[in-house]
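Consider the single chain below, provided in structure tokens and representing the form predicted alone.
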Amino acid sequence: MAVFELPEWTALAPALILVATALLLFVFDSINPRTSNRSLLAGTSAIGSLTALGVAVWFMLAGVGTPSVDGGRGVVELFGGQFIVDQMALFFMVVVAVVTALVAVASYDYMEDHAYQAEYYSLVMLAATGMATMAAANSLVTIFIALELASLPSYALVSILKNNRGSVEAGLKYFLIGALSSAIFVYGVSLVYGATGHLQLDAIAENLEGAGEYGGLLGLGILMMIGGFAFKTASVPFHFWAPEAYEGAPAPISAFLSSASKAAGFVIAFRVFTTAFPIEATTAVIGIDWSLAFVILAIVTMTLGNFAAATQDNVKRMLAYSSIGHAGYALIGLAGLSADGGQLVMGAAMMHLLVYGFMNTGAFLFVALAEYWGVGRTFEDYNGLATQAPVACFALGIFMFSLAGIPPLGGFFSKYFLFVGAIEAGMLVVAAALVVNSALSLYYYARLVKAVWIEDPVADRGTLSQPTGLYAAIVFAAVLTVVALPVFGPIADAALDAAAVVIG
């Protein structure tokens, strides 16, 4: 049966599968509240995530959301246009599903002997549902609901290690800053609604001309919404929660938030600013090109993130600040929308977020493995790990060099497309900042590789176990990072097609 012969609501099948998995886990927990059957819980989560991944890929291959022969877009609109399933929505659903599956498999070992097993996996799947729904949201109301569905479980996941003071403290800080950013975002939404009289993105764009007398109100609303997006993507100036939350959270959750959550934040930013606020029409009303704000944010975010990462001695905090730097790279996709090469720049940002999902998740899962071994958190604590865990350390090398953008790994090609897109868009300063920051990042990434491979091992370190789930997730993430090279052509085509449909 062709995909278009299915009921329209099945276009949201990837998100529906994720929420069905979460509800199934709730049923397990209701029947046996003290269940510690990690194989059942982790296996159910992983199978649900992989099923959602398979359906999203099937829809992409079937042509959902791509321009058809007669000139239509093949886009599936649901609930009066409140949700829209196109190639960009499916692309980011793939990112969320892959990261969720890796986190579920890695958590099999990491959450051993921890309480709240069923709750943990249920919250992961609910957060993933919110992130997948964010990819398809086409109204400021549905965007906010999806944003909160992703955020509220995330607060609980960060602080789920109840006996760990750092985890509880990180969860509290994350919640307080998240509540502030949500308030700012909602207030921005109310201002946009007051100026345009609409909440659906395409309706906002159609009524921008009528908002002329409320240009200042609309401009302030857009600025406040940018602040909300900056929090979700850990971009300056709402970045300061990330190091605290990532350091205190269970390492698999740090991977989840820094990869899937970041991608979900960018997909709503891409959709809102390409659909609701076309640059020419918006500039005519508010008198300011909003893409300039993203140019500044991109440069400041990538620079602050990389310089802060270079000064860290704690590996987890280093990766947290590195994540902020990569948010700056992805912001180039929004910064270049006002130029003729906007489609290429946005597509390159999408490519980078996909590859980043593999390599960054793998890097944090290696930290999860180190925490499982109890080796410590500083660079010195990692010294000589390769003598006892060569496979995991080889995978770590792949993640680090790919994050730094060393050829021929996937991270190099995504950064290369970002660089070319920035050049074609005339953003020479942004392109230069990308190159300088990538060169700086090689210092601290190579420092970790040097610690595990070259430095002398810690003398009193005992025998290291080989936990199946963590090893499987790390190796699989490394394979995906390497495989991204030969299949980068299809990845680039999918990202560019998705950007073309959205930009229109």
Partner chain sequence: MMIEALIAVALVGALVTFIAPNRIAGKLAFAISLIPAALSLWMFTVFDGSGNALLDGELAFESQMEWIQLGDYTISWFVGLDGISLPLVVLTTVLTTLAIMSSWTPIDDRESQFYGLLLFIEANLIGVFTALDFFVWFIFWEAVLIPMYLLIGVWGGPRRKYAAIKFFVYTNVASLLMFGAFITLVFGLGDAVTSFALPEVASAMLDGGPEGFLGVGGSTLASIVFVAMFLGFAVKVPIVPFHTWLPDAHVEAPTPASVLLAGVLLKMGTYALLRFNFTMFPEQVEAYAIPIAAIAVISVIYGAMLALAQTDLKRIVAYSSVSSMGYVILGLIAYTQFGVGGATFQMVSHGLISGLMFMAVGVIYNATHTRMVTDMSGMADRMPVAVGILVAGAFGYMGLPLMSGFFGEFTIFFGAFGAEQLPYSELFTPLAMFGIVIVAGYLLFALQRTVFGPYHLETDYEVGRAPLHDVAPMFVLLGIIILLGVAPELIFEMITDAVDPILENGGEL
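Just so it is clear, the structure is predicted and the values come from calculations on it, not from any experiment. Residue numbers count along the first chain shown, from 1.
Keep in mind that the form predicted in complex with the partner chain is missing from the display, and what follows is about it.
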item: Triple contact flag F231, F266 and G376 to the partner chain in the model of the complex, non-hydrogen atom at 4.5 angstroms; value: no
item: Stretch in contact in the model of the complex with the partner chain, which is absent here, among 329-337, 85-93, 398-406, 101-109 (heavy atoms within 4.5 Å); value: 398-406
item: Exercise: I454 in contact with the partner chain in the model of the complex, heavy atom 4.5 Å; value: yes
item: K450 within 4.5 Å of the partner chain in the model of the complex, heavy atoms; value: yes
item: Close approach of T275 to the partner chain in the model of the complex, 4.5 Å, heavy atom; value: no
item: Exercise: V57 in contact with the partner chain in the model of the complex, heavy atom 4.5 Å; value: no
item: Contact residue in the model of the complex, from D381, E371, E424, E77 (heavy atom within 4.5 Å of the partner chain); value: E424
item: Sequence-ordered list of residues in 184-204 near the partner chain in the model of the complex, where near means a heavy atom within 4.5 Å; value: none
